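Okay, here we've got a single chain as structure tokens, the form predicted alone, with questions on binding and movement later.
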Amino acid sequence: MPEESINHINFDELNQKALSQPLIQHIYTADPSAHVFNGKIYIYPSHDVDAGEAFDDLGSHFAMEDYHVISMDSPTSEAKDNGVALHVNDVPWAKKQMWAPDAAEKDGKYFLFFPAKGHDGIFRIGVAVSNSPVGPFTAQAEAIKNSFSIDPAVFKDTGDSYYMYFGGIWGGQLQRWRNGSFNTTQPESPTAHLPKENEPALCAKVVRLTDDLLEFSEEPKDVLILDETDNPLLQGDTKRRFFEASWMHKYNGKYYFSYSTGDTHFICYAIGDNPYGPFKYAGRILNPVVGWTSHHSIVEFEGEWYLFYHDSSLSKGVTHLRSIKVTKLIHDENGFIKTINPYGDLKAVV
């Protein structure tokens, strides 16, 4: 949400109507990736700090430098901050901007996947390993080979296969990789190198990971989202096309790819028959929240489904100071997800 519009919001009324209150209030947290490990919920968010950077469309004001892991016994229990799990100073290849992470478990080890800008100013994706879901995590010396952009989300499918979904346009730099290498022209422009409005929209990427979860096992592929006529969504279809914040969950044998539309502030989803897609656009999961950005995860706990998300209500609309929340998510009898209004009958001003 543009910062100039926050004066139009009555935050007391909004918070009274909100479906959920912030899970953690002593620090600002965002981009929650939630998982159930050993019967307990672990949330891997980014950690918002006020670094004094000016607001811009490249996300320079999102200057996060470490990760905390939040744990909960259930979606309604108290959330616990387990302290710093990984700091940028402990990542040899990374310089700054530890943005939205994710995690996975395999054979008793826990893997934290995270984007960061290297010393060359280019986003890559790294991985760190721990014997505990709350860390501390030890980062690999180098970023994942051939990785790029932001917002890794790792999905474990049946058969012990792990897939990473990633990518984000504008400040996430995905558009600069359209030709297979990083385009350095017009470096200060967040929208340079995007497709034209009547061209197919840029896609998130999907790649299967190696057995040790430390590298890509193949070249990343496009996550193709189709419209009702089985044509790719267009760049100008800003209320439906992919922007950032990939997530994957599986329900009744179908694969649900969900994502943020970024500058139009929706969490949308599309359904496919396999982890690679293509995926058919199916609707909206979450209407706009206060704070411009929208980023989420979806997890099942004891037979119920939950949406983890964030907003900026605690910071009274400050875009880069967000707080993670949770609410129930419902699949209807046909497998479609019921759209969630985060503030009941109130709407966020965007």
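Since the model is a prediction, treat every value here as computed from it, not as a measurement. From 1 onward, residues are counted along the sequence shown.
Although not depicted, the form predicted together with ligand FUB is the subject of the following passage.
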query: Listed residue that, although ligand FUB is not shown, lies within 4.5 Å of it in the model of the complex (heavy atoms), from Met164, Ile150, Ile225, Ala85; finding: Ile150
query: Proximity to ligand FUB in the model of the complex, single hit among Phe113, Trp99, Phe137, Trp247 (heavy atom within 4.5 Å); finding: Trp99
query: Ligand FUB in the model of the complex: contacting segment from 298-306, 58-66, 277-285, 34-42, heavy atom within 4.5 Å; finding: 58-66
query: Ser46 within 4.5 Å of ligand FUB in the model of the complex, heavy atoms; finding: yes
query: Heavy atom of Lys325 within 4.5 Å of ligand FUB in the model of the complex; finding: no
query: Contact of Ser313 with ligand FUB in the model of the complex (heavy atom, 4.5 Å); finding: no
